[in-house]
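The chain that follows stands alone, in the form predicted on its own, written as structure tokens.
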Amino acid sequence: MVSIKKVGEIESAPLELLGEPLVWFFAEHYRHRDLCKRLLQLIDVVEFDRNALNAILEFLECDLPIHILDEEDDLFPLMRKRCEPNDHIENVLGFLSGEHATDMHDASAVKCVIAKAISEKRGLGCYSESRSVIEQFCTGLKGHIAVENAVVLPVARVRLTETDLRNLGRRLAARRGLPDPFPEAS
């Protein structure tokens, strides 16, 4: 039996980073890696930790889908608009869009296990499927983030204009119901 280690809440990205949207994405990716670390810590834990499971479930239900919208509806279209053919970004963005669908599918399996654990007040280690669904989700998500951090964000730094970045920051903030991070530039 594995003893419980309190996992706690997943820290939010600092809101002031919305003024630097590419840094915001990097910070969000850190949060996704943190999510994976927490999930992997809980795979073998049989003791019930409602707070940890609720924090993870909330992230999977709210934060992950919003992040995917940020990329699919805002960042990726900007990249397609600004990148040059020799950047070869379309293949990367197409791959990542496919990965987004896989991430959401795998997240659904993780959410099912977590919801079951919460309803039965048990740890994830009580369920034989926990390891396979969590490891599959985390492996996919971490690989996805690595490509975005190593390829997409560096190219975005070179190709996106200041106006693009301001508009991107505004859209990220608006999606979250937050104030304009660039009020003086309006």
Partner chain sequence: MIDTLIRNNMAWARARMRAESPFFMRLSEQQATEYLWIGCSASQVPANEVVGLDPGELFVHRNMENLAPSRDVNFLSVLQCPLKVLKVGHSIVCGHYGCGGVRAALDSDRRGLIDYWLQPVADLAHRCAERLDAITDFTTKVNDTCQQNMRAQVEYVGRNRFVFDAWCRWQTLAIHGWIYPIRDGLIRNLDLTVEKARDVETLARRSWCPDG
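Residue numbers count along the first chain shown, from 1. What you see is a predicted model, and the numbers here were worked out from it, not measured in a lab.
This protein has a second form, the form predicted in complex with the partner chain, left out of what is shown; the following refers to that one.
Here the chain stands alone, but in the model of the complex its contact with the partner chain, taken as any heavy atom within 4.5 Å, falls in 65-73 among 128-136, 39-47, 52-60, 65-73. None of the heavy atoms of Gly94 is located within 4.5 Å of the partner chain in the model of the complex. Contact check for Pro77: a non-hydrogen atom falls within 4.5 Å of the partner chain in the model of the complex. Proximity of Leu15 to the partner chain in the model of the complex falls outside the 4.5 Å heavy atom cutoff. Within 4.5 Å of any heavy atom of the partner chain in the model of the complex lies no heavy atom of Leu178. The putative spot formed by His29, His32 and Val155 is not touched by the partner chain in the model of the complex; no residue has a non-hydrogen atom within 4.5 angstroms of it. Taking a 4.5 Å heavy atom cutoff to the partner chain in the model of the complex, the contact residue among His88, Lys81, Lys116, His105 is Lys81. Residues of 23-61 placing a heavy atom within 4.5 Å of the partner chain in the model of the complex: none.
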